[in-house]
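Take a look at this single chain, the form predicted alone, given in structure tokens.
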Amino acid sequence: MSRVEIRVTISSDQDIVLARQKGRSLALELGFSSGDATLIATAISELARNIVSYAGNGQILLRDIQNSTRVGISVTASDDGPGIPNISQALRDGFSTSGSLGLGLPGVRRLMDEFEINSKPGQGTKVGVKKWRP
């Protein structure tokens, strides 16, 4: 399998749509069901929305991944924004500093199989998620 790496610069609503579309297409190419591809696209959309809302700009990196038994997709969202002062609070359902529903990070964590976040106030945030094909 050839390695795919798709980078989408995020700074506007149009970029969110583009990242979502590219993620869904890659998921379908990798053999995910239409339903799973939609879940992956939704997670990408949430991560990209957070970049626009909180950091102004950043990037989404989409990659195909595989281990000895499975194929999957890796999504990394990164920005140089203000960072998240309290990650555990940000991962609680219903918590929002922007007045939204607060589904973002907890929702992304539920939609994907693996979830990792690194953030330092004043230094930006990096969220990495993976979804494995059943």
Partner chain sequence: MEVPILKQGQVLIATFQAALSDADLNQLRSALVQQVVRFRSRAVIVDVTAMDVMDSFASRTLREIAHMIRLRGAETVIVGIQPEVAFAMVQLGLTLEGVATALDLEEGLAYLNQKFKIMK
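Numbering follows the first chain given and starts at 1. Small disclaimer: the values here were computed from a predicted structure and weren't measured.
Below: the form predicted in complex with its partner chain, not depicted.
Handout entry: Three-residue site N86, A90 and N118 fully in contact with its partner chain in the model of the complex at 4.5 Å by heavy atom
Key = Looking in the model of the complex, the three residues N86, A90 and N118 all stay beyond 4.5 Å of its partner chain (heavy atoms).
Practice task
Classify D13 as contacting or not contacting its partner chain in the model of the complex by the rule of any non-hydrogen atom within 4.5 angstroms, answering yes or no.
Solution key: So D13 counts as contacting its partner chain.
Handout entry: 4.5 Å heavy atom contact, G107 to its partner chain in the model of the complex
Key = Residue-level check for G107: yes, a contact with its partner chain.
Exercise for the section: Give a yes or no for S78: in the model of the complex, does one of its heavy atoms lie within 4.5 Å of a heavy atom belonging to its partner chain? Expected result: No, S78 stays farther than 4.5 Å from its partner chain in the model of the complex.
Problem - Exercise: R49 in contact with its partner chain in the model of the complex, heavy atom 4.5 Å - result: Yes, contact at 4.5 Å.
Practice task
Would you mind picking the one in I65, L62, A55, L39 that has a heavy atom within 4.5 Å of its partner chain in the model of the complex?
Solution key: That would be L39.
Practice task
Output the sequence-ordered list of residues from 14 to 29 with at least one heavy atom within 4.5 Å of its partner chain in the model of the complex.
Solution key: The stretch 14 to 29, when checked against its partner chain in the model of the complex, contributes Q14, I16, V17, R20, Q21, R24 at the 4.5 Å heavy-atom cut-off.
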